[in-house]
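Here's a solo chain for you in structure tokens, the form predicted alone.
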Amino acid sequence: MNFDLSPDQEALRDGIRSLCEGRFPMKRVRNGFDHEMFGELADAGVFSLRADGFGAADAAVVFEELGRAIVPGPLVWSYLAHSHVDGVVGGLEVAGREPTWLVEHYEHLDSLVVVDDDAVLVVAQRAIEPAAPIERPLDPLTPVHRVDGLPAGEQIGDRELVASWRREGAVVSGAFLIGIAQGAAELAVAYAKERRQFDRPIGSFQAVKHLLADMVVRAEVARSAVHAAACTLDDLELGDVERAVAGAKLLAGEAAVANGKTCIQVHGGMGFTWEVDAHLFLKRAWLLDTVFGAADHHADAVAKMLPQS
């Protein structure tokens, strides 16, 4: 499989990267998600990629760049639901009728899609009554509200749509995660070049070089897996799509979390401070590693697909 981007994909990547650098610098990202940000992304075609004729491989390119800039918001859910639900769409994966749910970005949602094993349901935001906001969510750029009970909602899809969303959601989330892994590596490299100890940049020390090299390798290995899974989604004859998706999400989550931790390590004591952006990459990685199948789920799925001796 050829992992080189096509000229069109390179142009798509460069366009989204330019958008992120111009419209979503870290100062704005730290202010969190809002409707204006959603409108700018929608105008750029981020959520309508499928409707505009792009494939999963193209979407992976786009979401990798969004992850590199850690752009906040319910981006993957709004992308998946674009042709089904209008406006800002959040999502909730459920395994049963629990008494309490955690809903992300509640105050900015127009609708919430609820996905279980049998159907996809949509619930209007105004019909949801939040119990209380979580005072200190894991990711400070992803506000969370506790919700006691959900309305029944309107069914917009069956098991087939559930399976499709879970596969593509895992791949697109994986693309965002490899963007996080890449962004964390770039942040660490930049700091290692400017931070000096013993009259030398710390990036010249062998131990730091190894840390940075490992970050780059992890990101590239995960990128190959995610792009392979995306290509398999576009052409099911390329291989086992379930195995490709599970492996991609697993590797992407591991790369993003490990690179987030290493980025903090390279920054030393500064890395633990609020002012340094390193912690934002790690916290978003922790969060996204749990959606559309956590690491254990995908590791078990891959293990079951391995040939038995």
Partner chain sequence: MDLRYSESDEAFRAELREWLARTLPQLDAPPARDDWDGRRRYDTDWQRRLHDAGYAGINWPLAYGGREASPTEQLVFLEETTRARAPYVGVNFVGTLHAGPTILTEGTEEQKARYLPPILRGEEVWCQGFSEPGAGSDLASLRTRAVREGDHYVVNGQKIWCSFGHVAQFGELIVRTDPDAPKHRGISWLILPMDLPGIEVRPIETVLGSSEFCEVFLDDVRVPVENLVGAENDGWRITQVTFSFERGTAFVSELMDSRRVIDDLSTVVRDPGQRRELGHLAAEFDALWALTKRNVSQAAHRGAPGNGGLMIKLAYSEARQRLGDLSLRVLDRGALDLGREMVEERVRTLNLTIAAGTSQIQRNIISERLLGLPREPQVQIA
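Numbering follows the first chain given and starts at 1. Quantities reported herein were computed from a predicted structural model and do not represent experimental measurements.
The next section is about a form of this same protein that is not shown, the form predicted together with its partner chain.
J.: For the three residues M37, V46 and A51, which mark the spot I'm curious about, does each lie within 4.5 Å of its partner chain in the predicted bound form through at least one heavy atom?
T.: No, the whole trio is out of contact, none within 4.5 Å by any heavy atom.
J.: Thinking of its partner chain in the predicted bound form, which stretch from 139-147, 158-166, 211-219, 120-128 has heavy atoms inside 4.5 Å of it?
T.: Residues of 211-219 come within 4.5 Å of the partner.
J.: Considering only heavy atoms, tell me if I134 and its partner chain come within 4.5 Å of each other in the predicted bound form.
T.: Flag for I134 set to no.
J.: Applying a 4.5 Å heavy atom distance criterion, does E107 contact its partner chain in the predicted bound form?
T.: Heavy-atom contact with its partner chain at 4.5 Å: absent for E107.
J.: Residue-level contact is defined here as any heavy atom of the residue lying within 4.5 Å of its partner chain in the predicted bound form; does R28 satisfy this criterion?
T.: Taking the distances in the predicted bound form, the answer for R28 is no, it never comes within 4.5 Å of its partner chain.
J.: Though only this chain appears here, would L287 touch its partner chain in the predicted bound form if you measure heavy atom gaps against 4.5 Å?
T.: It does not: once its partner chain is placed as it appears in the predicted bound form, L287 has no heavy atom within 4.5 Å of it.
J.: Among A57, I70, V257, L41, which has any heavy atom within 4.5 Å of its partner chain in the predicted bound form?
T.: Checking each option against its partner chain in the predicted bound form, the one that comes within 4.5 Å is A57.
J.: Please identify the residue among S83, Q206, T100, Q197 with any heavy atom within 4.5 Å of its partner chain in the predicted bound form.
T.: Result of the distance check: Q206.
J.: Go through 212-244 residue by residue and record those having a heavy atom within 4.5 Å of its partner chain in the predicted bound form; state none if no residue qualifies.
T.: Heavy-atom contacts to its partner chain in the predicted bound form: L212, A213, D214, V216, V217, E220, V221, R223, S224, A225, H227, A228, C231, D235, E237, L238, R243.
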